[in-house]
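Below you'll find only one chain, the form predicted alone, shown as structure tokens.
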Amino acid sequence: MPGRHEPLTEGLLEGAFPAANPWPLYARLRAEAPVAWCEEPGFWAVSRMEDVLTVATDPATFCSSQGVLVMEIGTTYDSPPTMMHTDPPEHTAYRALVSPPFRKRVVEQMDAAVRARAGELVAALALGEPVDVVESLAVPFPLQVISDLLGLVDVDLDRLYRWSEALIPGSEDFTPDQALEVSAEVTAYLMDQAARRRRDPGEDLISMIALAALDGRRLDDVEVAMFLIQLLVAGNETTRNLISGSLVAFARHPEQWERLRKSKDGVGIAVEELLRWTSPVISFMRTATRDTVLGGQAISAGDPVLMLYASANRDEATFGPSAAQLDITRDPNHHVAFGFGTHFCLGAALARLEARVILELLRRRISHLEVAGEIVTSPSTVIAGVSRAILRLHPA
């Protein structure tokens, strides 16, 4: 046995995870067992910021190629299913290939187009009556933005949403067989789009990837599918849950919304706190490539190590005694909502832009928000999802 089994870690497993309120569990892990062994399926859970950063910034010792999810322990792949499943130098080459459109200065040029998409949705929101902000705003907005980037014209957003949900680990709406069926469906669709771009390329992301070359060779179909699926899913899921989680947070903390409305230039700072507070990506895994020590605990080569980003984002050692409080003026704010190190989220600048634009538009139109019905959270142990949020948005 690599380490003494810590019963607390059982709460991190699918079926037992307290998705609606995991914070007491994380607090106990940080205080009592910051590097804790979970006997079945066998992984170390790392809950403090210092240790999460150690793992995230040392890909030579903690690799991604043996899986990034607990459900992948013991699984091997003929080719990486996502770019997240690669390590340097392969990851470095892949990232350099697709990163140009997501660089901050490039994303900033998208402000007007993103704002136009957001403006239409915000203008259509029903005010003064219960509304599901997930369905009416958080789902369609990032899907529209990533569809525009990919070059998907007249796309069926409901279908894209279904595909995206099916590919998120822990979704209760799809059986494993149904998820495989959807995976084949979305792969076929995106590869058809790539084939069309190879014949008639445009200025979109699909064209860029379909025609991309790496080390003098064109990407093969497996690589093209890998990139396109990851861009579609990651390009909307986390931003959607950041938006919905933020609006629920403001409904539950009205004083923070009032503070945001009065702030002249604090929306960007508020977005960073909302990223910390919602932590849309709960955790990712690495695997030790050699014997090492982490947080005073001996780790053996081959041991999976789960980085609990959400816990690190409430670590009192990093954020002080107010770590468990929402404070949209918190600055500096060294959260790990986008991960850290080699695998820092490629779409961070875009997610920040989308969240900032939504908040800027809403604070002009809404005086306050309140919970007016059901708040349903996803049971996923990977994505902190809000699948339904009935709020009442009061007009300014």
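Owing to the predicted nature of the structure, the values given are computational and were not obtained by experimental measurement. Numbers follow the displayed sequence, beginning with 1.
One more form of this protein, predicted together with ligand HEM, exists but is not displayed; see below.
Undergrad: Quick one: P22, S311 and A324 and ligand HEM in the model of the complex, is every residue within 4.5 Å by at least one heavy atom?
TA: Verified in the model of the complex; spot residues all out of contact, no.
Undergrad: Would you check, heavy atoms only and a 4.5 Å threshold, whether C38 touches ligand HEM in the model of the complex?
TA: Close contact is absent here: in the model of the complex, C38 is far from ligand HEM, nothing within 4.5 Å, heavy atoms only.
Undergrad: With a cut-off of 4.5 Å between heavy atoms, is V224 one of the residues that contacts ligand HEM in the model of the complex?
TA: Answer no; every heavy atom of V224 is more than 4.5 Å from ligand HEM in the model of the complex.
Undergrad: So, in the model of the complex, is H253 in contact with ligand HEM at a 4.5 angstroms heavy atom limit?
TA: Flag for H253 set to no.
Undergrad: Against ligand HEM in the model of the complex, would L346 count as a contact residue? Criterion: heavy atoms within 4.5 Å.
TA: Although ligand HEM is absent here, L346 would touch it in the model of the complex, with heavy atoms inside 4.5 Å.
Undergrad: By the heavy atom within 4.5 Å rule, which residue out of I168, M84, V107, V186 makes contact with ligand HEM in the model of the complex?
TA: The option sitting close enough to the partner is M84.
Undergrad: To verify the annotation, which of these, M49, A337, I328, L29, has a non-hydrogen atom within 4.5 Å of ligand HEM in the model of the complex?
TA: Selected option: A337.
Undergrad: Picking from 120-128, 84-92, 210-218, 262-270, which part of the chain touches ligand HEM in the model of the complex when contact means heavy atoms within 4.5 Å?
TA: Contact-bearing stretch, as computed: 84-92.
Undergrad: Along 206-232, which positions have a non-hydrogen atom within 4.5 Å of ligand HEM in the model of the complex?
TA: Heavy-atom contacts to ligand HEM in the model of the complex: Q230, L231.
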